[in-house]
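First comes one chain, alone, set out as structure tokens in the form predicted on its own.
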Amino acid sequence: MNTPMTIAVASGKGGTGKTTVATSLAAFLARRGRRTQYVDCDVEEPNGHIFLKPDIADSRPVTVPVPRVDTDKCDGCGRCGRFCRFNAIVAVNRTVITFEQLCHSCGGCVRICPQGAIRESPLEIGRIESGTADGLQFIQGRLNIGSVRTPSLIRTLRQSLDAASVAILDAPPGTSCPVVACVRGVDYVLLVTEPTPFGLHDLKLAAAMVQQLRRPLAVIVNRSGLGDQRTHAWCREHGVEILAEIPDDRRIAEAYSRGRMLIDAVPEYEALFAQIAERLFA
């Protein structure tokens, strides 16, 4: 029986094995008959496709509205600039200048302009590509080079989610606005970390972010056995469940370097992902 659920796989920093976990978990669920989507929300540098090798069937642009000023109508009153809290539009010497990459597309400047001199026009910020990979629905976003509208693309990407599917969201690394756009409102967050001082430091930041968003979370310790036990002690102290541990196994690193999924390269780890799935859907 399929249980619809949205699960974000996140990490406090890059390089912890987040995509290794997300791709194998999504593929495992699909192969066990669950209707599943893999959604690569790391739109600045998506790499889930390297491991899942999907057949891309559709690619569409994503646009956001940005202001355009009709200089024939504008009298340079400056009300638009005083309204915009992001300084995306300003009046200098009664000439209005816009900064597209600072704009948050709220439309306030259009509404407040007394001369009706401002209109909105679309700005392409990236693309959404979709297809299938061995029975798994695959979706990814690609941010245009030079664009800074990462959260906007992620929010649009999340509109592609199928309410009847399990959705595995491969989040951007870190704890900044793009991660919040990915994690906000999901059913569950898996934080992938490693048992090192740096890993624990960033795990604390990521856990605090998830708790601030009031989302349930659990931890997966990757490269278990590599460092020390401080990560485990912190999780016990703060009541954070460690859902699974992936050993520090050279075969996993070799598979990653060749663009192979963990559960394909080292089939014995299917049992670990079966354990994760069982605990997630219990």
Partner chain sequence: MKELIVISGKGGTGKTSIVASFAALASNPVLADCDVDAADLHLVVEPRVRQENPFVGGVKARILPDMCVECGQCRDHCRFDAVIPPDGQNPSFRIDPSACEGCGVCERFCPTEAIVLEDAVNGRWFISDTRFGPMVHAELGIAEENSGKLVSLLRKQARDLAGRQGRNMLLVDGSPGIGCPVIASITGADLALLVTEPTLSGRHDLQRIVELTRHFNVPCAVCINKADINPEMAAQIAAEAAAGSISVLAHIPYDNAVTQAQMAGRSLIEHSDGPASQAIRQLWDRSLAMLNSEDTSANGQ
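Worth saying up front: this structure is predicted, and the values here are computed from it rather than measured. Between two forms, the rigid core is the largest collection of C-alphas that superpose within 1.5 Å. Positions refer to the first chain, counted from 1.
Beyond what is shown, the protein has a form predicted together with the partner chain; the following relates to that form.
Asks: Taking the partner chain in the model of the complex as the reference, which of 121, 212, 71, 132 has a non-hydrogen atom within 4.5 Å?
Replies: Here the answer is residue option 212.
Asks: Though the partner chain is not shown, can you say which of 185, 107, 116, 78 has a heavy atom within 4.5 Å of it in the model of the complex?
Replies: Comparing distances to the partner chain in the model of the complex, the residue within 4.5 Å is 107.
Asks: Please tell me whether any heavy atom belonging to residue 176 falls inside 4.5 Å of a heavy atom of the partner chain, as the geometry stands in the model of the complex.
Replies: Close contact exists here: in the model of the complex, residue 176 approaches the partner chain to within 4.5 Å, heavy atoms only.
Asks: Taking any heavy atom pair closer than or equal to 4.5 Å as contact, tell me whether residue 147 reaches the partner chain in the model of the complex.
Replies: So residue 147 counts as contacting the partner chain.
Asks: Answer yes if any heavy atom of residue 47 is within 4.5 Å of a heavy atom of the partner chain in the model of the complex; otherwise answer no.
Replies: Within the cut-off, so yes.
Asks: Even though the partner chain is not shown here, does residue 14 get within 4.5 Å of it in the model of the complex, heavy atoms only?
Replies: Residue 14 belongs to the contact set for the partner chain.
Asks: Are all three of 91, 241 and 281 close to the partner chain in the model of the complex, meaning a heavy atom of each within 4.5 Å?
Replies: Answer is no for this spot.
Asks: Go through 92 to 100, 148 to 156, 162 to 170, 185 to 193 and give me the stretch that gets within 4.5 Å of the partner chain in the model of the complex, heavy atoms only.
Replies: Selected range: 148 to 156.
Asks: Looking at the partner chain in the model of the complex, which residues in 226 to 242 have at least one heavy atom within 4.5 Å of it?
Replies: Residues within 4.5 Å: 226, 227, 228, 230.
Asks: Compare the position of the CA of residue 87 between the shown form and the other one after a rigid core fit and state whether the shift reaches 2 Å.
Replies: It does, since the residue 87 C-alpha is displaced 2 Å or more between the shown form and the other one after the core fit.
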